[in-house]
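Below sits a lone chain in structure tokens, taken as the form predicted on its own.
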């Protein structure tokens, strides 16, 4: 077990929604910054006005990856005053499948015991030994989740099937380290599509450019604009009017790719190179 694999994990947190409809950040180990905590709360479906329920979402903020698993509490459990809760894991690496698997085990533990103590024990065991085993809650072995599998989990074939020759625009934008913004109202579709795009420049193996779940808030946009090139996903249709955020805009539901006026010249100049 390589020590560096476990050192990628940064924290685990808990968000609860109680019987009164209040949603609160109730626990974290060891800690997260106040800015990151506010972003994580905004990404959790329990704090959003819509009734959409998202079992798993992920994203990146300030070079920290976050993975949020949300569960509806079914009676009877030790959580008699909680209707839903979310487990939030932060880490240095992009590996949704790994952290989804870990979160499922942590969720089962919390439902059974009604206390974050057992979750913290499991988290620390993974952090120190790279493994968490339980007959009742399942087992997790960190070395089972090769990062290359996470990189290849999406389907480039589906992207090409949807956009045809216009996929070249996406490839060129990635090669030139331009800003790609993708919109889809369904977060699941957004995450599935955006995670594939860095694969088009596989030789770089750089998923740090991926920001799959961004809101149009000052805090998040300020962080995004620090990146010279990126793939950013938005569920808010208003992003189509924010030409300051993109060189290439992808309307995913309509399968339309638009190059911004300011970037067209650069694309023409470089087209001959690709």
Partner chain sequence: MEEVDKILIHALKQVGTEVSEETGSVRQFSSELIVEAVVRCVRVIDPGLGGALPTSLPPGMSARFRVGMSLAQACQDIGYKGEIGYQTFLYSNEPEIRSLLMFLVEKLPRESAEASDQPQGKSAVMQRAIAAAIRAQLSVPWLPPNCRLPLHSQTQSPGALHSFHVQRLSLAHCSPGKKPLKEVKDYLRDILPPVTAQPSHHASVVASILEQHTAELSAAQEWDSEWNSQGLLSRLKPQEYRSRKLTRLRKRIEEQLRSAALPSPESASGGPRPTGDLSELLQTEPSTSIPFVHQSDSDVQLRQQEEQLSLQEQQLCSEVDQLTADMKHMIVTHAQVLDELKQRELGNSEKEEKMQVKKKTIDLLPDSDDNLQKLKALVEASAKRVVHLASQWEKHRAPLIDEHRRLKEICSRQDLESSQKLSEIKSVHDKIRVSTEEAKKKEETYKQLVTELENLPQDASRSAYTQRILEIVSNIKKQKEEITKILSDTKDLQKEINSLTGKLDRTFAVTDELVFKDAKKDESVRKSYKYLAALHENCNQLIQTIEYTGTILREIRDLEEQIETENGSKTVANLERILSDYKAIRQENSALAAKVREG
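Numbering follows the first chain given and starts at 1. Fair warning: this is a prediction, and the values are worked out from it, not measured in the lab.
One more form of this protein should be noted, the form predicted in complex with the partner chain, which is absent from this view; the next part is about it.
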item: Contact stretch among 39 to 47, 223 to 231, 245 to 253, 65 to 73 - heavy atom within 4.5 Å of the partner chain in the predicted complex; value: 223 to 231
item: Heavy atom within 4.5 Å of the partner chain in the predicted complex - residue from 177, 143, 112, 149; value: 177
item: 160, 124, 131, 168 - the one with a heavy atom within 4.5 Å of the partner chain in the predicted complex; value: 124
item: Proximity of residue 20 to the partner chain in the predicted complex, heavy atoms at 4.5 Å; value: yes
item: Exercise: residue 266 in contact with the partner chain in the predicted complex, heavy atom 4.5 Å; value: no
item: Residue contact check: residue 53 to the partner chain in the predicted complex, 4.5 Å heavy atom; value: no
item: Residue contact check: residue 92 to the partner chain in the predicted complex, 4.5 Å heavy atom; value: yes
